[in-house]
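Presented below, as structure tokens, is a lone chain in the form predicted on its own.
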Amino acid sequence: MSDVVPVVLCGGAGTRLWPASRSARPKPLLDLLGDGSLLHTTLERARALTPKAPWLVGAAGLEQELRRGAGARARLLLEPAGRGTAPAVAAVALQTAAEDPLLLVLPSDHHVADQTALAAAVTAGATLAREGRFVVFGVRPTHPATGFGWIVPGAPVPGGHAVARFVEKPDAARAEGLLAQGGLWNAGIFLVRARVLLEELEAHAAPLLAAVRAALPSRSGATCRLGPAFLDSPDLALDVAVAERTTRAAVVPLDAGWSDLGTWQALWEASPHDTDGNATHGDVVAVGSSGNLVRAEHRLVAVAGLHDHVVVETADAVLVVPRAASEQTRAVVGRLADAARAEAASAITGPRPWGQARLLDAGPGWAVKRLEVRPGEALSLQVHAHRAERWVVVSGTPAVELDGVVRTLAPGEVVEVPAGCAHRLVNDGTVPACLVEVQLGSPDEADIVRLDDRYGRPTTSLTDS
């Protein structure tokens, strides 16, 4: 399938998988099943289907993470803000219009157990797409789900069916009826020729297409940054903008062990279990417990006499919820966001675009962190209004900039950063630079004003450094 180009969608915050997934470290970048990040496994599936280099569409602030995950072959298309899957795919269709390939649209955060079945479905879909069809892939359902959209197949066509209609997240009674009449789950996977998609967008979503066209950069390279006009695009899913309106829609059944891994319950279902039905990750001890999902990221987690629950431990938060109620995790994140809690969007410990940060200890008005800056990376140039910092170099030879003065540091050196001082660290060496950071003053991670940032992060943020 040398005419198929993968389009990997890397948006979405994955709030139902909090506290592991946050907007600053979203679900596609997580290793949830022990075989690499979801982005990595998606790209591996795409690589097995077609030799064409993929396009990745995601947030500008995640550029470094996406590039590291995708490798040099991939092309990045970076959004100033998310506007749904329709504008994202429209941008790739415009960029590839001259070649007019088949665009295989793949969410970057799904699980597919059977690659052979996926390949067979995509092969059938490619035949339809080459004939001008807008192909959607419908997962054969295992139960009357109310959390997915459904597709009702119509008249048979070679390799699939015409689409009779789409049904958005039905109630339980209607889902039972859809299951009985052969309905399929909408997996959000599409296959369509670039020219056909542009024709359908012009017919059904012309303002969206115009906004995306105006946002395209004048020059296209390995990394394309969409301009501010992208924000004028309606926030629409590809289903709503095109699939539900076009007369060219066809559905190909997909029976490949698919899961959107959208909730902790879904992750438990997709994970390997021990003899008691527990799915565990990290340093976990379970005694007299069954049917649990337990994830330990930073320390030992022990459960006893616990059944059918989710327990997720991170450095700054612990979630405990019955598995059957794991959808309520989204409401927890909403409550945190309403209270302006930093934990809603970012973790105090974990990956950063430049390396790693780990909280070692904290108290009223102080915190101690371990920072590791990768070679060739840099913290943002920033100012804190209400806290001072002290950096102790443990290893490496980073450069420090303080109010415009730059000097190179050696292991053992100590740097004082007073409140109000514009500062940053840059590691131009060949080995990681490790430092201990002592913060004195306000512990509020929102006390950051970025003056310059190579990763495109906002000038003020709930994420640090």
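Given the structure is predicted, the values throughout are model-derived calculations rather than measurements. Only the largest set of C-alpha atoms that superpose within 1.5 Å between the two forms is called the rigid core. Note that residue numbering begins at 1 and tracks the sequence as displayed.
The protein also exists as the form predicted together with a further copy of the same chain; that form is not presented, and the subsequent description refers to it.
**Q** Could you spot which one of 300, 72, 340, 173 gets a heavy atom to within 4.5 Å of a further copy of the same chain in the predicted bound form?
**A** Contact residue from the list: 300.
**Q** Can you pick the one in 360, 231, 210, 203 that has a heavy atom within 4.5 Å of a further copy of the same chain in the predicted bound form?
**A** Spelling it out, the residue with a heavy atom inside the cut-off is 360.
**Q** Based on heavy atom distances of at most 4.5 Å to a further copy of the same chain in the predicted bound form, which listed stretch, 54 to 62, 398 to 406, 412 to 420, 35 to 43, is the contact stretch?
**A** Only one stretch qualifies here: 412 to 420.
**Q** If the criterion is a non-hydrogen atom within 4.5 angstroms, does every one of 287, 320 and 438 touch a further copy of the same chain in the predicted bound form?
**A** Per the other structure, all of 287, 320 and 438 touch a further copy of the same chain.
**Q** So in the predicted bound form, does any heavy atom of residue 328 sit within 4.5 Å of a further copy of the same chain?
**A** Taking the distances in the predicted bound form, the answer for residue 328 is yes, it comes within 4.5 Å of a further copy of the same chain.
**Q** Evaluate residue 166 for contact with a further copy of the same chain in the predicted bound form, applying a 4.5 angstroms cut-off between non-hydrogen atoms, and reply yes or no.
**A** So residue 166 does not count as contacting a further copy of the same chain.
**Q** Is it the case that residue 305, even though its partner is missing from this view, gets within 4.5 Å of a further copy of the same chain in the predicted bound form, heavy atoms only?
**A** Within the cut-off, so yes.
**Q** My question is simply whether residue 313 lines the interface with a further copy of the same chain in the predicted bound form - judged by any non-hydrogen atom within 4.5 Å.
**A** Within the cut-off, so yes.
**Q** Aligning on the core only, does the CA of residue 171 end up 2 angstroms or more away between this form and the one not shown?
**A** Shift at residue 171: below 2 Å after core fit.
**Q** Core-aligned, does residue 413 move its Cα 2 Å or more between this form and the one not shown?
**A** Shift of 2 Å or more: yes.
**Q** At a 2 Å cut-off on C-alpha positions, does residue 161 qualify as shifted between this form and the one not shown after fitting the rigid core?
**A** No, the C-alpha position differs by under 2 Å between this form and the one not shown.
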